[in-house]
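Quick heads-up: it's one chain on its own, the form predicted on its own, in structure tokens.
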């Protein structure tokens, strides 16, 4: 049995390990262009800011491939020939498979403006992006990273998400001093935080009327914007970029609907898209490029499964969508590996109650469930500043959105699944508290209880 896994991120590595548990003697190959080793993509900002070494981002030991009996194929996948069961590779012979698991992850959404190919313009999604940004802005590291840590990173084809970008710092002979970050989502705020840690005060351009509108309302986002500005960030909302300008030495200006901004570094953080264009439509996708799968994560192509950021999974309402989150990628990878190894008895994907958490500057953020229906809200302004939103339908809780305090999402998810009334949840909120012991507990006055 020949099983091939495309992608060595969390979904791909979980799929390979699950397949190995099911089929101890199978020939399992893991194909990836980006890196020799599996690493935590969510930890890249901590490497950039100097808080973590690169090795500290690797969840598995570097001998994991050998120990698990996985064949590591360092190559770029460029196509699929399902009739002959071949994975096509750039600069290498096609790789035959009996079962194929696609876990190619996401790539940065391309910048749509003129001048986006100038030196000093890039994204922050891949290891290659981290290497580029370190060269542009970070001082030399004093961590355990050897000088040739990035030597194994390929320059990549011009359309590869893993290409090495052109450095403006090399042309200028100095590191960036006027950085601009474009995009009001989580990646954007992570880059801003890393730049602050490196002693830079970036300009943060957000097209929408407030930061992260998909998750925060105007009042909550205003609080985050206040925190950004208090740290020296020039945060500008309602700002639409039309062009990037510069010369051979790199980017020099960002042209917007509100004027021109001087810049010697631009990080584009306008989201990610499934890294599936290389398949050329051989595997059916949704409108966003996500690979359409059934409840067992199987695609419409024989003996091909998909998981992680690139998989468009069925929703309870009959629609499909991708779930670009670490924990969903892990769960999907395990299931895809299991089902590809035992296709005669597939298990269904059961995501459970959706949740997420983050830290926006110094502000904790937790969400769970769905934020539609009626809303109970409580604002706290004292020793701790916080916002609590609880969504409910017919009196039963369906979702949570917390800002300013840490909460245990598993308790919140259980309340949603149990159909608890809003009053019960508010009365028992302390059970979900995840703050440190020196943070005062949240107290909701009786006249504010639902």
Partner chain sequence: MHLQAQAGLMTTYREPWRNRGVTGVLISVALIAFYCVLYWTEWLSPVAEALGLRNKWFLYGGLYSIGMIGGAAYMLRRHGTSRYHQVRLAVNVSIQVILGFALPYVMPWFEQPEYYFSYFWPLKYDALYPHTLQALPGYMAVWAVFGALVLAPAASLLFGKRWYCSWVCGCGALANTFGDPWRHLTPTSTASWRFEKVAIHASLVIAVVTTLMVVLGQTVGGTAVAGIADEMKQGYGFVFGSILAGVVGTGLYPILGPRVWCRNFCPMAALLGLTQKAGRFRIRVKPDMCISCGNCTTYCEMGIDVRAYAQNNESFTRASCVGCGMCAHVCPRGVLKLEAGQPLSVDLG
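Being a predicted model, the structure only gives us computed values, none of them experimental. Positions refer to the first chain, counted from 1.
Beyond what is shown, the protein has a form predicted together with its partner chain; the following relates to that form.
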{"query": "Answer range among 241 to 249, 177 to 185, 314 to 322, 359 to 367 for contact with its partner chain, defined in the predicted bound form as heavy atoms within 4.5 Å", "finding": "359 to 367"}
{"query": "Heavy atom of residue 59 within 4.5 Å of its partner chain in the predicted bound form", "finding": "yes"}
{"query": "4.5 angstroms heavy atom contact with its partner chain in the predicted bound form for residue 138", "finding": "yes"}
{"query": "Residue 52, heavy atom within 4.5 angstroms of its partner chain in the predicted bound form", "finding": "yes"}
{"query": "Contact test in the predicted bound form: residue 385 vs its partner chain, heavy atoms, 4.5 Å", "finding": "yes"}
{"query": "Candidate from 206, 194, 263, 108 lying within 4.5 Å of its partner chain in the predicted bound form - any heavy atom", "finding": "194"}
{"query": "Contact assignment for its partner chain in the predicted bound form, among 26, 64, 398, 43, heavy atom within 4.5 Å", "finding": "43"}
{"query": "Residues of stretch 414 to 428 in contact with its partner chain in the predicted bound form (4.5 Å, non-hydrogen atom)", "finding": "none"}
